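Given next, in structure tokens, is a single chain: the form predicted alone.
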């Protein structure tokens, strides 16, 4: 009996976007090579309790995925609600996998669970990890309820989309959920859950027009040059995310520029440490977080800069008028 005959209505779709998982060595360097069918050919040898459909969405390095791509991807996944799908696996490059997963958590208006996965080693590597990661993603979907949860699955670990971060350039265990802990682990071909799925976030509806929602991400460093920041602000971004020093601090020479910018656009304060939340009631000196928040900057809370930028850009695309208020509301409900 084929897996289609065993359960014709229980369906999972695997959507391939490219990335290292689909790359092979060509003339001394890795580049996209395997289309969806070739990448997933190994699944024919494995018996799963559901029907698996395949869609090749793109075949690019993840640095070349765009906001327009993510919007189209989320719309496609949303459309699967009416076709009796119970889960989706998205494969892509790991460089931007945490941003894709977070965007899908915000945009995919679906009760279908989504497992985003990739590989740290190419398809031509002697110990490629891609097939194992795809299998683990399918195991997660087989053992989870359809509540619209979005996770990242690599190296047998399961991370909630809003918590996961890439913390190493090449290790197989490159991803971490930090202080919040793993959502779970694939153990003996089953999901062993360590934490409950986080409370769903309010979904955003956005169009493919991103022309008026440019959001810049800027790290703050030792003795940052004020003229450089002033030039950046003059470019006229719709929003600015700062990866500030420590718990939310900047050199005081930047204060006039930042205060002026915060009167016109959302300016979000995150930490360049990427671990721990921005303080709000601790440091009161000029350039400390209390001073910056009083000048109109917005706390990014626990969000790292790349996810704060993702959220702010999508909010600006959705409704720029109240983006500051809504950003703060999202931050309060994340954790």
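Residue numbers count along the first chain shown, from 1. As the structure is a computational prediction, the values presented were derived from the model and not from experiment.
In what follows, reference is made to the form predicted together with a small molecule, a form of this protein that is not presented.
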property	result
The small molecule in the predicted bound form: contacting segment from 87-95, 138-146, 198-206, 231-239, heavy atom within 4.5 Å	87-95
Candidate from 119, 161, 115, 112 lying within 4.5 Å of the small molecule in the predicted bound form - any heavy atom	119
One residue of 61, 34, 306, 279 in contact with the small molecule, assessed in the predicted bound form (non-hydrogen atom, 4.5 angstroms)	61
The small molecule contact in the predicted bound form: residue 315, any heavy atom under 4.5 Å	no
Distance check, residue 166 to the small molecule in the predicted bound form, heavy atom within 4.5 Å	yes
Contact flag, residue 23 vs the small molecule in the predicted bound form, heavy atom cut 4.5 Å	yes
